[in-house]
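Here's a solo chain for you in structure tokens, the form predicted on its own.
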């Protein structure tokens, strides 16, 4: 089966008292979203069409098949933010956790290296790792604008490394805007393959485009099933109204919690395979909604690990948080009757690790609820390509609907752009001489620093 079950009991007054969302307020907010959604259906945002259009699926499969016959040993992905988080999320969820460690876990697929940071130490280590097999390395470069300095600088390094091996052009794939940008110019000059980001789809909403799906096709992940999951969730959101609509309910609760001062949204998966999903949604919510002095602050915890790290704060700290729990566990790992001379551990003997894991999840829910900390839960019967596609689409829609309630444009990121301008100016980009002088003035101001 492929089911996702949402439980909002512990976000209502019956669960957490005055810290919960009242039924009337919830119903009124959901009604507002229903009215807005009817307008969206008439004029959908471009990302909403992706499950039905299956943009460039044939091109992705054809290119992945061609590369798959080259005996590739390494896949290096260059991209940052929305250009890499989706792929990392999918790999974490669907590939073996030790995929990169040994061949027996890879099933003939290449190792992967996702360079979502330009930290020189990590960059150097990855270069040293792939260099012995550079002639068996495929490079995937992702930037919609083609002007992301982090990605382009990485590309400059890896292109020079790869060009020393024969046929390197066939092992470089660029994913970018359909017409504009530097990467298109480079591809036309050097003969690299190109896939595209559909018009109107920004990076953090692009996981169901070649940005997120082509690297998955390279690993043999079923992108059709993932897209079918997204289509199934799109059908659910269209078919159901009111408190039967999962997207409406989550968006309404998170916004109303924000309004009540519970503006820290803690994403806490009880499933290590969904750890990457929490990172993906952190970017989606933060970059889409943090504007004009508004917006919740998403953060991440990991169950059960952070029961021994953060849970104390969530239970007895300030009531400024709403916890979003994810749970899935299917694999059985029996606990043997060891240490039979210790009565204190006898309760664990002949049980299963899955049962303990579920008890930890339920124990956290109960402790949060007893303390008046609002929490909602999403339980997946399995972590599959289908369910993952459904989750991606669900939370993209949740973010869009929250943007409507908060009153911000969920698709721009003006706060990010200024930092990009400063970076390019300091690096000496032409046309930014005025900005460079300005940054030099700012950086020349006396600093209060302490040196150890």
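If you're wondering where the values come from, they're calculated on a predicted model, not measured in any experiment. Numbering follows the first chain given and starts at 1.
Separately, the form predicted in complex with a small molecule exists; it is not shown, and the next lines address it.
So in the predicted bound form, are 80, 148 and 283 all sitting within 4.5 Å of the small molecule, heavy atoms only?
Per the other structure, all of 80, 148 and 283 touch the small molecule.
The chain here is shown without the small molecule. Which stretch in 251-259, 312-320, 82-90, 157-165 comes within 4.5 angstroms of it in the predicted bound form, by heavy atom distance?
Stretch 82-90 is the one.
Against the small molecule in the predicted bound form, would residue 143 count as a contact residue? Criterion: heavy atoms within 4.5 Å.
Result yes; residue 143 sits at the interface with the small molecule in the predicted bound form.
Check residue 413 for me: does it contact the small molecule in the predicted bound form (non-hydrogen atoms, 4.5 angstroms)?
Looking in the predicted bound form, residue contacts with the small molecule include residue 413, since a heavy atom lies within 4.5 Å.
Heavy atom to heavy atom, is residue 420 within 4.5 Å of the small molecule in the predicted bound form?
Close contact exists here: in the predicted bound form, residue 420 approaches the small molecule to within 4.5 Å, heavy atoms only.
Decide whether residue 204 counts as a contact residue for the small molecule in the predicted bound form under a heavy atom distance cut-off of 4.5 Å.
Residue-level check for residue 204: yes, a contact with the small molecule.
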